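One chain comes next, on its own, written as structure tokens: the form predicted on its own.
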């Protein structure tokens, strides 16, 4: 049986000191009892300090992105080799914001293209993370325009196939896929539960085609996009939703603890 997982993506929020306090307050709210996999994903600069907490606490460390080369003239990039130094357990790849697709646009549209990456670069990142033993969390999701055009399943299948191109089934048993409809990220709008379940079941079907039935059965599929304490239990109780990738709500330690409790209650 797949175990539940909840990951908190802090995005570009919190200093190192603020992040440390957040994790400590979350652990206090949980009474240091965290019986499922919980990942905190801080900004790069906070990783060394948060890594120290993760070494002695029942939470795992994640990173928000990675570059696919070990070293070189790649200003501002961070390599898997560098993440490995701080014992990062997980890393996001293909988040809609690194793809240049934003739910709630907070920057001028003229700058969005500078964030964009492709299925090819995501594929390279996944392969490099696996080389260093860091588990990738592959993010997939459609924009509002793609959903309204009836292309949700097509877009997500294409993203999965491109990201996993050239990988053998044996390499994918610990893969995590997070379905985040772009139109629900940071907007307060959540994909209704039956549709979230339907899309996550489609993700599992595509994984069976790309890899095999065992990979599809074992893969943990998360839902992301305005996950909150009020909707977490209903979402996490669905048969193909194995937890959540939580954005803004992960910045509130008590609220994040409530979301984790929902995952435990849903069958952690």
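Numbering follows the first chain given and starts at 1. Computed from a predicted structure; not experimentally measured.
Absent from the display: the form predicted in complex with phosphoenolpyruvate. The rest refers to it.
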- Partner-facing stretch of 182-190, 129-137, 165-173, 80-88, counted where any non-hydrogen atom is within 4.5 angstroms of phosphoenolpyruvate in the predicted complex: 182-190
- Please check if residue 248 has a heavy atom lying within 4.5 Å of any heavy atom of phosphoenolpyruvate in the predicted complex. yes
- Heavy atom of residue 42 within 4.5 Å of phosphoenolpyruvate in the predicted complex: no
- Message: in the predicted complex, does residue 14 come within 4.5 Å of phosphoenolpyruvate, counting heavy atoms only?
- Response: no
- Would residue 46 count as touching phosphoenolpyruvate in the predicted complex under a 4.5 Å heavy atom rule? no
- Query: Which residues in 214-233 have a heavy atom within 4.5 Å of phosphoenolpyruvate in the predicted complex?
  - Reply: 224, 225, 226, 227
